[in-house]
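The chain below stands alone, shown as structure tokens; this is the form predicted on its own.
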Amino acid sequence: MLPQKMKISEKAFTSLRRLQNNTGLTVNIGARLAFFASIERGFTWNGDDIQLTQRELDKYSWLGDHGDIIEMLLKQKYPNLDNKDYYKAWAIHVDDGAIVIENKSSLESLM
């Protein structure tokens, strides 16, 4: 469902770099936390487009061992999207969640 190579937005990258500076978590780990934070707070993508220009990594680097769970959550939340839009939905959720977690100052504050 999600492509093998994925990028995130400039805004998410900047937020996740700030998180990395505060906590030491790398951008790809921060992206996983951002995705789940966005899902948990109930954010829903309304179909807006997003510019994905930063940090191309393979799917496993972005999602880790949670790839199946992330794809299942996307499929459950957006049952009628095509594969290209699932990628955008993932990126929008990372974008949304990155803003929520960017100012966390420690690993404990992320829990």
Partner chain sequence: MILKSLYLQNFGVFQGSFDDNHVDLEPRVKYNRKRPIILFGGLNGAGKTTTLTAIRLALYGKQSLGRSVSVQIYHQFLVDAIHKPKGKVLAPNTAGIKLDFNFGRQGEVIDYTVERVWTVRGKSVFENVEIYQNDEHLKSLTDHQKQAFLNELIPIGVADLFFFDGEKIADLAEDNNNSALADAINRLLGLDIIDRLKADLGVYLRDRKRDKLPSAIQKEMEALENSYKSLYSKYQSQLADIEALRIESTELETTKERLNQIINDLGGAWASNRQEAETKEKMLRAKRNELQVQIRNLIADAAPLALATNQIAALLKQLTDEQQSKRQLVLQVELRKQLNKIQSALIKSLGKEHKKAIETSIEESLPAATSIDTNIIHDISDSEFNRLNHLITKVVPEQQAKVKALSSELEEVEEELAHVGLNISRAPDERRISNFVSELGEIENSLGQRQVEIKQRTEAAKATLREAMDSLRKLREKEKEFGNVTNLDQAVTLADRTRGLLESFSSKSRETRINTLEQEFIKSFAKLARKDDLMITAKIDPETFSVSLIDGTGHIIDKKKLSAGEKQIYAIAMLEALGRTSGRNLPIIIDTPLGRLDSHHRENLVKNYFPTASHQVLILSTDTEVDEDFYKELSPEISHAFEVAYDPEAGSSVYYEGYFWRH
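Residue numbers count along the first chain shown, from 1. Predicted model, so just to flag it, every value in this text is computed and none were measured.
This protein has a second form, the form predicted together with its partner chain, left out of what is shown; the following refers to that one.
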Heavy atoms within 4.5 Å of its partner chain in the predicted complex: does D49 have any? no
Could you confirm whether F36 comes within 4.5 Å of its partner chain in the predicted complex, counting heavy atoms only? yes
How about K59 - does it come within 4.5 Å of its partner chain in the predicted complex, if we only consider non-hydrogen atoms? no
Would you check, heavy atoms only and a 4.5 Å threshold, whether K84 touches its partner chain in the predicted complex? no
When its partner chain is placed as it is in the predicted complex, are D68, L107 and M111 each within 4.5 Å of it, taking any non-hydrogen atom of the residue? yes
Along 14-37, which positions have a non-hydrogen atom within 4.5 Å of its partner chain in the predicted complex? T23, G24, L25, I29, R32, L33, F36, A37
